[in-house]
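The chain below stands alone and is given in structure tokens; this is the form predicted alone.
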Amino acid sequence: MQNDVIQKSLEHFKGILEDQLQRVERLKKSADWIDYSKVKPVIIGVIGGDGIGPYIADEAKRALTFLLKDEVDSGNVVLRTIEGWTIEKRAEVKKAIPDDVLAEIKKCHICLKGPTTTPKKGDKWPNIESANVAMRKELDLFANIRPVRVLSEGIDWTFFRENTEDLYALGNRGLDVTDDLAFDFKVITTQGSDRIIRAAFDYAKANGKKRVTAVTKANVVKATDGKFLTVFYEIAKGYPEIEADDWFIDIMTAKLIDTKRRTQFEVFVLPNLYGDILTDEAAEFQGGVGTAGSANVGKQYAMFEAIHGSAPRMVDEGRAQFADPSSMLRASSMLLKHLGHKEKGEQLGMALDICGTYEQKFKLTGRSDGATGREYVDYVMETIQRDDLKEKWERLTGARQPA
């Protein structure tokens, strides 16, 4: 009996190992970065997702259409709504990304995506892979970039979270060996570590940052986290003007709430799981995960999204119209900058700071005692059109740099 269990487990692991060795070979054949200035038209797909996703995605699309009016009118940018990437459809076809939806996504250069529901063990949905994880792997969106800024408190962090490896990459390929023993699998490659770490250092260099911090648990998880950290310090040698240091994930979560130390950090680079944990904690400083957006960037595609969940309870209770679209708007700001529209992205970021943190003429409570998402986006767009937008932002934040 025991030999049968061991043999079955070895066969399972063999399949995983073969897949990952093939993936390493693919990673060695790296594609070139897309040049959006040479693409006409740039197609932006807008994906609603689940729960409150369609509501906040529609509002973000409205803001993007407003900001990119000239480009849309000239035909240089097309905003396209992509339907069908819902938990119901995923459950029906038993795929994280239905084939027809994936085909439509691949026709776009960039996607703006609402939150999607990830089934957990024991709920009513089948055990399908996370839609986000599947998309990151399918389009090789290896860099998850999440900025968190509260300039009045000296917080200006940018997180580079590796997106396609670590525990999440094989999260649906774990193994129940027996009723008493279960395994999950963590994978880290030299090539996957190299490109996310190099992206973090390149960002720091391009944006005048002086410090890049790796976050691992390499003292305990020695093979995989150890490889990530070894690659980190090897790449750091090529950036002598930037300070490189590393912290363990447990103490790093403490340092983010250490008022004396947290303002010293600038750019972080982390494997997938630690990045997920730390960026959710960090988002609380600027108002919670509902206020934070993220970029998922690869060399040929990019996806921008809210970092929070789909909040199905709000829909069930008839409150979806009161959902906070700030996370999707933050993601839209990052999308604009990624496309090369830096000034428009900064305008949106400044307006969100003013409307969400300082002025707050409309408050979002998620209920009828607060503003609707549409009212809030109207407020943001009106603020963008103010002649004194930058001056007002600088006065309120005490800052002298773009949002």
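This is a predicted model, so every value here is computed, not measured. Residue numbers run from 1 along the displayed sequence.
Just so it is clear, the following notes concern the form predicted together with a small molecule, a form of the same protein that is not shown.
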What stretch, of 179-187, 161-169, 67-75, 236-244, brings heavy atoms to within 4.5 Å of the small molecule in the model of the complex? 161-169
Can you check whether Thr118 is within 4.5 Å of the small molecule in the model of the complex, heavy atom basis? yes
Close approach of Arg146 to the small molecule in the model of the complex, 4.5 Å, heavy atom: yes
Would Asp324 count as touching the small molecule in the model of the complex under a 4.5 Å heavy atom rule? no
Does any part of Thr224 reach within 4.5 Å of the small molecule in the model of the complex? Heavy atoms only, please. no
Residue within 4.5 Å of the small molecule in the model of the complex by heavy atom, from Asn132, Thr213, Thr86, Thr216, is Asn132
Please tell me which of Asp276, Glu104, Glu266, Asp140 lies within 4.5 Å of the small molecule in the model of the complex, judged by heavy atoms. Asp276
